[in-house]
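Consider the single chain below, provided in structure tokens and representing the form predicted on its own.
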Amino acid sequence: MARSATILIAAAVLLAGGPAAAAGQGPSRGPERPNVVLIVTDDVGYGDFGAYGATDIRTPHIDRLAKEGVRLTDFYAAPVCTPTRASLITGRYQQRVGLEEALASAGPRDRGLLPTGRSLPQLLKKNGYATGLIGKWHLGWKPEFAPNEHGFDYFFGFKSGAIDFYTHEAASGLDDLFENTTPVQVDGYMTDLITARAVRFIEQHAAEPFFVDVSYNAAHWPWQPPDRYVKARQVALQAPTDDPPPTRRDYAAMLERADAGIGEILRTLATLGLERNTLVVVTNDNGGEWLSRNTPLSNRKGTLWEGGVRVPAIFRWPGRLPAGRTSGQPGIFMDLTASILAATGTPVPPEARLEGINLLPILAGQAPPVERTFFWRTRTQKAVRRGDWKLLVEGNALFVFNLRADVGEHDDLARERVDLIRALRPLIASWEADVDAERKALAP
């Protein structure tokens, strides 16, 4: 389908701030529908992009997107990857589908995300979009959990949480590279394969509206830099006590190769004349690992401290979003679902019950910032952020932080703000009761 390079979206959709921004509209068939390229890196620290302060890692292409778009300072994910990806696909809290922890790459494979017909890719597909997932899935191994079942027309990548970047073996020792539902053997460094297939998908669908989720596994362990083949001794967490230990230099080389791949994707959009008609989002799936730079945040992946859940996020949409802007509007991965559906004019059925909001009017300066309330939970921690205030529960310990004044969570105000503890702790309990009731109702 031929399309104009100019983006025209109904003001009612752009200015809608609610989760069902596009609800009630018929399928959008006009020629101006935008493409969406969502790029997700893996285990990258909040401060690992140049646009977020990194000095020892070169990310010129990501930094360019920040200069040409909007950089968010207060964007959130789950503390590990599977939950984040579940919230993106469903547009709802991952606790509702029982995916609160990372699915194991070895062992039983009976858990995963079942399709509902209301997933992000499925709704886009129903609206006439070509849909592709290139890279990491991590939402289930069994055929009924596969990306194609959720509405992705095309899938090239792997299903587990981590693979050897060169051999593409998972922690189980089994090969883990698929094209749609077929296991495949393809030589190459995984980051480069993801880039090449993403470019090919864009080229193949340049004449029709498309959504592609480019899910890099860089810079997740095993920390294997490009152009230096060494089979991973284990596709599992690497520690500072390993002999020899992985290095920050190796980590940097992996992230820089992903940034180079992003550059190739951006050049492809420009060459095909799609740049102005494409919303590009770059973000990360959870807080950084021990080799990451999470400055100025505290702690890292797997925790509910800011370093475990706050992630970089950049939106570029020429002509629709301002260039070079920084936004303190709080956002969360579920907002990507709502924002993409709104931007594409995709009808959202009421039963989808999206829990995110369309951030685009706020980022465009067409709507004022809004106060948000977010919840998180792990086996050992619980947390809520409401406005600028955060309550973190860790066993019997209660911590209160003003994130606007203390993003590093150094100044615990629990003693001074008992009133906030009394106000926020019941919110966590109410939220838990709600999501747990839904999860139990879905359980076989």
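Not measured: the values here are computed from a predicted model. Each residue number is its position in the shown sequence, starting from 1.
The same protein also has a form predicted in complex with another copy of the chain, omitted here; what follows describes it.
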Segment that reaches another copy of the chain in the predicted bound form - one of 382-390, 65-73, 404-412, 32-40, heavy atoms within 4.5 Å: 404-412
Tell me, yes or no, whether residue 183 is in contact with another copy of the chain in the predicted bound form, where a contact means a heavy atom of each within 4.5 Å. no
Is there a heavy atom of residue 398 lying 4.5 Å or less from a heavy atom of another copy of the chain in the predicted bound form? yes
Would residue 299 count as touching another copy of the chain in the predicted bound form under a 4.5 Å heavy atom rule? yes
Touches another copy of the chain in the predicted bound form: residue 210 (any heavy atom, 4.5 Å): no
May I ask you to choose, among 159, 205, 150, 293, the residue with a heavy atom within 4.5 Å of another copy of the chain in the predicted bound form? 293
Could you work out which of 228, 142, 248, 267 is the residue within 4.5 angstroms of another copy of the chain in the predicted bound form, going by heavy atoms? 248
I have 239, 243 and 421 flagged as a candidate spot, so tell me whether each of them has a non-hydrogen atom within 4.5 Å of another copy of the chain in the predicted bound form. yes
